[in-house]
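Take a look at this single chain in structure tokens; it is the form predicted alone.
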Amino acid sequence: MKYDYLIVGAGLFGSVFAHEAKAAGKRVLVIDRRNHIAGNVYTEKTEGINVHKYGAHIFHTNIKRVWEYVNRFAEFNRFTNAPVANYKGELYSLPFNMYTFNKMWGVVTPEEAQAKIDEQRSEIKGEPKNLEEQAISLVGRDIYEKLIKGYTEKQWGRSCAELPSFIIKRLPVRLTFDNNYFNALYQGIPIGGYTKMVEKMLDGIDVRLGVDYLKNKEELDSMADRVLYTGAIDAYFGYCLGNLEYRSVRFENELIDKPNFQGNAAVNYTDRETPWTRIIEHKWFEFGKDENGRDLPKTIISREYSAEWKLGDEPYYPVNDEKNAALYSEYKRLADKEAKVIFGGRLGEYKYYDMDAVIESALDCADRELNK
């Protein structure tokens, strides 16, 4: 069978585009080299808990069009992201708010908190030269040392003094007791998990899993008039200009025979000595209940370890420095010459995307492509 579109990757970008193409009357084939759909938002049910297999994914957006779109495929719960920071056994609220400042300095009023921040910020004179100086200039040394430095160095595998200041352009500082991490109008987790949501997007569409596009490119390309490619752009071109850099993440999962491990979905470990960056306790994304509202007797945690990416690893975060931006622009020039292929998504565009931005980008791409 000849298809109008071959879609490489069954993650959010590919699945949204596939749904829109099918709705426009196109014949669509979706392939993925993994043995499951939903890409990095894949959730897998274990002991009644929807486990986020590739790290925590909390949907949040201010884009009404995107919120209305995802609600066509899932009902969302009222989960609010309120992470906690653990610094050598001291617990602090994230984002930085009055609870944080009270615990850090004993201040009680917003005026006292602001005065303390202003006093500590003043040690940085002139334009910050690196991430360390940028962070201190925003929130002061105490918060930087306890809640930013160790976590950031584990995440990037580099000293904060070596990292560019633009990585922390701004830090949310709230002189209120609001623990909601995101400044988003809409927020929640799909009831039943993300995999179920993506299944609905791909309903009625041909999907083949465990298919490596780059190993069978010629044969697969011949099956469709157009290709949407959501894999790594440098891999598509055989790394002919060298490979782009990423940070990767390794997960260590543990099933624990008790109902509560840490009392929160996310706890960040902000000291340098603890090897993991954070622990996710998946059941709290859905309030510790199963689909029938019953308390779950066990819990599952994931320890996250940040790592330098190497070929064969799963790429997570693009390293958005000048060197990689320049290399990506060279690959983009090659991509623009591929008349039959559209490059999209986090890996196809070498861009850090939140889920709502991926969906908006896929919808925009579908509008351009399908309304020619």
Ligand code: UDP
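From 1 onward, residues are counted along the sequence shown. Definition used throughout: the rigid core is the maximal C-alpha set that superposes within 1.5 Å between two forms. Bear in mind that the values here come from a model prediction, so they are computed numbers and not experimental data.
Quick note: we don't show the form predicted in complex with uridine-5'-diphosphate (UDP), though the next part is all about it.
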Exercise. Within 4.5 Å of uridine-5'-diphosphate (UDP) in the predicted complex, do Leu94, Trp156 and Tyr352 each have at least one heavy atom?
Worked result: yes
Problem set entry | Touches uridine-5'-diphosphate (UDP) in the predicted complex: Lys215 (any heavy atom, 4.5 Å) | no
Exercise. Closest heavy atom of Ile167 to uridine-5'-diphosphate (UDP) in the predicted complex, within 4.5 Å or not?
Worked result: yes
For this session: Report yes if any heavy atom of Ile148 sits within 4.5 Å of a heavy atom of uridine-5'-diphosphate (UDP) in the predicted complex; otherwise report no.
Result: yes
Exercise. Is there any non-hydrogen atom of Lys283 lying within 4.5 Å of uridine-5'-diphosphate (UDP) in the predicted complex?
Worked result: no
For this session: Only one of Tyr87, Tyr186, Tyr181, Tyr99 comes within 4.5 Å of uridine-5'-diphosphate (UDP) in the predicted complex by heavy atoms, so just point that one out.
Result: Tyr181
Exercise. Pick from Ser302, Thr299, Thr152, Thr274: which has a non-hydrogen atom within 4.5 Å of uridine-5'-diphosphate (UDP) in the predicted complex?
Worked result: Thr152
Seminar exercise, completed: Of the candidate stretches 119 to 127, 287 to 295, 265 to 273, 226 to 234, the one with residues having heavy atoms within 4.5 Å of uridine-5'-diphosphate (UDP) in the predicted complex is 265 to 273
For this session: Residue by residue through 274 to 294, tell me which have a non-hydrogen atom within 4.5 angstroms of uridine-5'-diphosphate (UDP) in the predicted complex.
Result: Arg278
Exercise. Once everything's superposed on the core, is Asp234 shifted 2 Å or more at the Cα between this form and the one not shown?
Worked result: no
For this session: Superpose on the rigid core, then tell me if the C-alpha of Pro172 is displaced by 2 angstroms or more between this form and the one not shown.
Result: yes
For this session: Would you tell me if Leu131 moves between this form and the one not shown by 2 Å or more at its C-alpha, with the rigid core held superposed?
Result: yes
